[in-house]
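This document opens with one chain alone, in structure tokens, the form predicted on its own.
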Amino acid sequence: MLENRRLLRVLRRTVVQAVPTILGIIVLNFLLLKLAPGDAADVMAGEFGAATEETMVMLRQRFGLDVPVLQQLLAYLGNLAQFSLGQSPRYGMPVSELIGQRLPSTLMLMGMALAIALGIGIALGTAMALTAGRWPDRVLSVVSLIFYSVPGFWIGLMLIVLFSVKLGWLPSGGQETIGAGLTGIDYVLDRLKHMILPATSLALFYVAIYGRLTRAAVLEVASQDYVRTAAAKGLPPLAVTLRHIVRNALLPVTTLAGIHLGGILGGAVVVETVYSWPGLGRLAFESVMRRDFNVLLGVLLLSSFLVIIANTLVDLLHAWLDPRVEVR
């Protein structure tokens, strides 16, 4: 009962802090995008090859770009108050519908990338800590440093060359095999097969970060008195490592994972472009190039929500992992 109350206090505090944060993000994103040169009317006129002054005026009136920025901001906030993200000038459809079509693909990609990064990173860091100062630690440290240093797009291209071109094991892009007509378990396996390379490309950078952080945290926790006490009681080394060391070492790792969620979505822009993955990252890139700011604002707002939700889950996880976490 007390544990549930403590978790509810953590949840209430996070929600209260999230409201002004989201409002500030909305206003800041809108004003920053308005500082960018050009708009949707300019891009469309350029694609037409020529446009008269009357045509430009008509386009801006149609998209609501002919009024002052403050008035545009108030109109946008009014749409949000009615749970509407507005219309996309480029696609001619509601932004929420457009994002809804791309969101599942990106969530699956981000979820798999984060799972790979945390799983391999924590295992790598624990192995480095348990062999600190010996050759396995040095070798794994060099490997993690390579993952951290190499650009994500280069890793993506090299993975395509190796596993798609040379070995032919995995597809080089796309979300599924077009025209295959797969159903059931075959369809799921086909989707997973297409997801392996982009998720791995997105995860390797974070594998290095979580590996190094886990190594430092495990070494610090292993020197605590309660760990020595647990070992002195005769607990098996594996139980001491998993229950007393790794569990407490996960606190900084999970904190960083919540912060990195926005960065993973940002990295998805490059990865989705390299692998032709139909997700939010690729949609955001296309919206920037076409000055479709309504869509871009929707993507940025959704990414902010994802980061806040992830940090809320991290706070709850901390409260569960460490009973000393209290909310005043």
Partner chain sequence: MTTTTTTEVIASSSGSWRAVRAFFRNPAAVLATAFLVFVTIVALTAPLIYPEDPLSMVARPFLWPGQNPKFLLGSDSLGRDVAAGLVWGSRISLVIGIAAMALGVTIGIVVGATAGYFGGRIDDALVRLVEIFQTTPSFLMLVVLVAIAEPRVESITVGIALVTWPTIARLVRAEFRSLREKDFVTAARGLGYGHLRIIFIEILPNALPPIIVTSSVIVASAILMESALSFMGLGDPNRISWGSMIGASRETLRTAWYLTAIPGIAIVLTVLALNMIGDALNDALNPRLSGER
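Residue numbers count along the first chain shown, from 1. Predicted model only: the values in this text are computed from it and were never measured.
Unshown form predicted in complex with the partner chain; subsequent notes refer to it.
The candidate spot formed by L70, I120 and A310 lies out of contact with the partner chain in the predicted bound form, as no residue has a heavy atom within 4.5 Å of it. The stretch in contact with the partner chain in the predicted bound form, judged by heavy atoms within 4.5 Å, is 140-148, chosen from 181-189, 100-108, 140-148, 85-93. The partner chain in the predicted bound form is not approached by M58, whose heavy atoms all lie more than 4.5 angstroms from it. In the predicted bound form, at least one heavy atom of K166 sits within 4.5 Å of the partner chain. The shortest heavy atom separation between I25 and the partner chain in the predicted bound form is within 4.5 Å. In the predicted bound form, at least one heavy atom of S303 sits within 4.5 Å of a heavy atom of the partner chain. Of all the residues from 266-291, those having a non-hydrogen atom no more than 4.5 Å from the partner chain in the predicted bound form are G266, V269, V270, T273, V274, A284, F285, V288, M289, R291.
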